[in-house]
Structures are given as structure tokens and as C-alpha cells.
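Next comes just one chain, in C-alpha cells: the form predicted alone.
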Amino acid sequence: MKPRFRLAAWIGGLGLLVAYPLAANDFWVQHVGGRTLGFGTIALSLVFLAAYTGMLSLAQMTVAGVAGYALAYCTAPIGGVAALLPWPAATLVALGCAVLASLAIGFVAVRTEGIYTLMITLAIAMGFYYLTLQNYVLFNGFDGFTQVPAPVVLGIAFERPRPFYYLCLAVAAACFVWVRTIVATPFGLALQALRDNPRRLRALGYPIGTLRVLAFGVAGLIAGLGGVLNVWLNASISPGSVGIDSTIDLLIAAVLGGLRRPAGAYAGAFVFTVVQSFAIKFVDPERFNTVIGLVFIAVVVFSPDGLIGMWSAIRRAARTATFKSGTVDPQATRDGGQTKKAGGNTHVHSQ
């Protein structure tokens, strides 16, 4: 796709997202649209690590949980005591805690590779879950925190569906653009080189371990933002928010959308949220995992690269069909090719 057409497609897609609340009811705006964007932002942190560093972490929901618990601890009324901090300061504290936690996880995880990275981050996620479940001093145990207030800015209450949706959209768009920008910087290119050939990058003098830890820090900030949005959506957080089920749900959403592209995080989160929201109308709630499992298998079988990969395959097939129909000369699309007609024949001259 030509750059100007790609830009037009992105602008059109953003326009649809902005106009979405005008045509949807409150449930679809807040609990489908808002949750998709918040949950998708956490999934984006997982996709960033997997796509551009080659590391698959199962601790991203844990990092989001750290941010959520820090926010709740600073803003929720505890035992009748008022909030400790106003929401802007509490949000900064929550994001700082998320980044520090992610850096600490990265410091441990980067010493492993492949399946061992997956397992050690899963172990960290399970350890944090049991810590929140059993600790009543910081995490309030099984009950967690409730009545976590969403911010109010200039008289706009972000607990309302449409303001909350636009807040989520702004955060998601900023994170998406940030990821796309980072991967084009020298730091991002170094991460991709690290993913493809770490030995060669080490031979060139790059600090492999430091790059990986910093990548975890970037992913931690993104996951922390998603965790803050999820707490404001639910007005609460509990150990179930960071349990094994939530961890696996995040992985499923990321794989559904496609682990190789940032947009896949939000596509997978949307499908997962819709299935989760409406599956209970057709099946027993306890069989939700069966439904999402069937959807997951169907997508992976037809497109191992997820929904975004499926869309790319459809576009390639449409382009091929256009070529075969004679509408477009496929030779004219080759790099460096110029088509000229002379005497009724077509000649292609390479530059």
C-alpha cells in the first residue's frame, strides 16, 4: 500500500474510533470500547516485547496490577481514611511503580531465553498473585480495593461512558504511536537486531542485557497505563485481576490479534472482549473458556499470524486477483520498474 493511502487508511480508522460513541449505547461505549482500549494497551506491552525483542513475557498483567494497586492504595478510601494523594500524583506514582517493577522483572528474565523466559515470568506472575491474596497490609488481601474514583477534570467526570472512552482512546493512540516511533529509532533498531542476531550485536559492542532490561521498562510504562485505565473502569482491583486466568486471557488476546504487529493487540482485545461480554447469553458462564478456546483455535488454524495477519493475507489475495484480471500490470509494481509503451507493446526498463 502506498504511503499516502496508508496514511488515509489510518486517519479514516481514527475517525471511525472517534465517531464510535455517537452511534453506540453506554454499554458498548464503556464496557466494550473502553475495556478493549485499556486491555489492549496492556496487550500492546506484551506485543512490543514479543515483536521487537523476541521475548515473550507473561508478567505484563502483573505489571499492570502493580500500577493498579498503587493507584488504588493512594486514591481509594481505606478504613474510612480519605485518599492519600490527588489523582495526578497518584497516577504518576502508579506508573513509576509499574516501570520499576518491570525493570526488576526484566533484570531477572533477561538472564534466560526462549521457554525459560516464559516460565520465569509466569512464576513471577503467580508469586505476585499469591502475595496480593495473602497480604492485607498493602493489598488488602482477598477483598482488594473498591470505590477507586475515576478522575474529574474541568467538571468532566471520567467515570461516565463517553469521557472514559475518549480518555482510553487518547491513551491507546499515544501508546501505539509511541511504539511505532520507538521501533524506528536507533534504540528500536538495536532491539530488532537483538531479536534477529544477538551474537552479532554483542560482537558490535552493544550491551545486550541493558537493552533487554530497558525494553522491559518501556513495556512496563505501557502496561502501567493500561492497568490504571482498567482500575478506573471497574472502580476496583482484587487478586483476581492479576491471577493466572487474567494472565492467560492477556496472552490469548495478543495471539488472537497477532504478536508481530502493534495493531494486533487491540484487534485481539476487541474480539476477546466481545466474546467475553456476550458468550454468557448463549452458553453457561463456566463454559466461556471453551468458547474463547474455539475462537482461538479457529483464528490460529486459518492465520498463525492472528487477525491482522489474516487481514494482510486477504489484501495480498485481492492484489493478486487484480493482477490476474489484467487491471494492473504486476511487472509495473516491481521496485525500480518503469513501464513504457512503444508500438503497442509494453517494455519494462530497470533503473
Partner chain sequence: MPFLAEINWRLFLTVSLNGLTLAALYFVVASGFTLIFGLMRVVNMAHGSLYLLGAYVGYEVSVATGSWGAALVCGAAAAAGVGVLLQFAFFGWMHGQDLRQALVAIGISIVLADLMLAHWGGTTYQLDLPAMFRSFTPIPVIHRYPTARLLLIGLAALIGLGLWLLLTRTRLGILIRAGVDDRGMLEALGINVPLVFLGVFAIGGALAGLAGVIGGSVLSISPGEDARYLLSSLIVVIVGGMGSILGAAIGAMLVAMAETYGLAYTPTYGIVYTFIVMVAVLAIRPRGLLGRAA
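Residue numbers count along the first chain shown, from 1. As the structure is a computational prediction, the values presented were derived from the model and not from experiment. So that the term is clear: the rigid core is the largest set of C-alpha atoms that superpose within 1.5 Å between two forms.
The following text describes the form predicted in complex with its partner chain, which does not appear among the structures shown.
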- [ ] Establish, in the predicted bound form, whether W10, G15 and T210 all lie within 4.5 Å of its partner chain, using non-hydrogen atoms for the distance.
- [x] no
Open item on the list: Between T112, T146, S277, Q192, only one gets a heavy atom within 4.5 angstroms of its partner chain in the predicted bound form; which residue is that?
Closed with: T112
Open item on the list: Which residue, I182, L201, I244, L221, is the contact with its partner chain in the predicted bound form, using a 4.5 Å heavy atom cutoff?
Closed with: I244
Task: Which of 22-30, 65-73, 290-298, 36-44 lines the interface with its partner chain in the predicted bound form (heavy atom within 4.5 Å) - done: 290-298
TODO: Would you check, heavy atoms only and a 4.5 Å threshold, whether A123 touches its partner chain in the predicted bound form?
DONE: yes
TODO: Would you check, heavy atoms only and a 4.5 Å threshold, whether V137 touches its partner chain in the predicted bound form?
DONE: yes
Task: Heavy atom of M119 within 4.5 Å of its partner chain in the predicted bound form - done: yes
TODO: Find out whether any non-hydrogen atom of V108 is located within 4.5 angstroms of its partner chain in the predicted bound form, and reply yes or no.
DONE: yes
Open item on the list: With a threshold of 2 Å on the C-alpha, tell me if F296 counts as moved between the shown form and the other one once the core is superposed.
Closed with: yes
